[in-house]
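Single chain ahead, by itself, as structure tokens, in the form predicted on its own.
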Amino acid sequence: MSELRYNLITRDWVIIATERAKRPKDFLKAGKEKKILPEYRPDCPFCPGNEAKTPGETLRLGSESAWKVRSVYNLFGALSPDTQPGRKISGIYLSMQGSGNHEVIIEHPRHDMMIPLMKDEEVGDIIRAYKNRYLSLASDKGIEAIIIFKNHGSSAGTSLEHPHSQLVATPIVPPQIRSRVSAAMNYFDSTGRCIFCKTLEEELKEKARIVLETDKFVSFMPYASYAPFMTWIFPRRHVASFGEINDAEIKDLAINLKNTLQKLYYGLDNPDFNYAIRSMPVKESGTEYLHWYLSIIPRLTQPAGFELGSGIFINTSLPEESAEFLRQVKPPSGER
């Protein structure tokens, strides 16, 4: 029989469709075209030598002639730092100017490189760039929330092949973030515990949904995962804001993130995915009831009418079986 599961953190009900559940291998895309990318494309604005083709640079790691990671303004930014924040009310209608910031983090000089194939220190550079831009934008009095995310593959919304992430700083706290904050506050008021710390404690005790443990981070599949192979990476240390990640944690997160994505890359043949860093609103850091985490959503299924009409997702995979499958995935010998 199918089972309804409740996610305490997101406050979502999820249907785990056990009667039509797929085995992990069933999510491999039969006949999926394997596109081989070149190391360099002369027409790619993110490739070395084409720096003048991108808008203003906000960060560069490495030297002028040999950069490792760059952050630039998004050419078609959803929000603009040149616009002043301010609400406008007309009757029942509320609007704001599109103030904020939208940047692209170019992750690597090579056009064909992906995080699962990078060296640990290269992934660490990406995370350092995230933190640098997060802290810089968090100091802007008009910014309320910062969302760092990555789209990998066409079904995940990417339009440029060169490896990159994005950052959007908004003048409001998005409802999804506010909902998670509210759930965490309610749980803390009722129990005196952080719901994230408690969740991690229970997952480590049960072990069934753990994917990977490193010194300072744990990747696991939520009990009520709303998508197949949905994976969370939690810091072991309680800290509300991603901006407070320290150097040792950056190194360890690089290892955990790379290896978790490696398991997806080799186990499911490089699936499209999104990931996002979920952090406290920038003006509310230092709380006892919430800490940041990274969420990975492989794009293996499409929401349909029931999901869109109800907000209840149907997951055709068992998180316990999917986690067991990924635990067994090892990269080929000699992988860098």
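Computed from a predicted structure; not experimentally measured. Numbers for residues come from their place in the sequence shown, where the first is 1.
Below: the form predicted in complex with another copy of the chain, not depicted.
Trainee: Which of T260, T199, S225, S71 has a heavy atom within 4.5 Å of another copy of the chain in the predicted complex?
Mentor: It is T199.
Trainee: Have a look at S154, S190, N246, S182 for me and say which one sits with a heavy atom within 4.5 Å of another copy of the chain in the predicted complex.
Mentor: When another copy of the chain is considered in the predicted complex, the option within 4.5 Å is S154.
Trainee: Even though another copy of the chain is not shown here, does G56 get within 4.5 Å of it in the predicted complex, heavy atoms only?
Mentor: Contact check for G56: no, nothing within 4.5 Å of another copy of the chain in the predicted complex.
Trainee: Within 4.5 Å, heavy atoms only: does A304 come near another copy of the chain in the predicted complex?
Mentor: Within the cut-off, so yes.
Trainee: Should S139 be classed as touching another copy of the chain in the predicted complex when contacts are defined as heavy atoms within 4.5 Å?
Mentor: Because no heavy atom of S139 falls inside 4.5 Å of another copy of the chain in the predicted complex, the answer is no.
Trainee: Taking the shortest heavy atom distance, is E121 within 4.5 Å of another copy of the chain in the predicted complex?
Mentor: Outside the cut-off, so no.
Trainee: Please identify, from 87 to 95, 260 to 268, 129 to 137, 104 to 112, the stretch that has a heavy atom within 4.5 Å of another copy of the chain in the predicted complex.
Mentor: Only one stretch qualifies here: 87 to 95.
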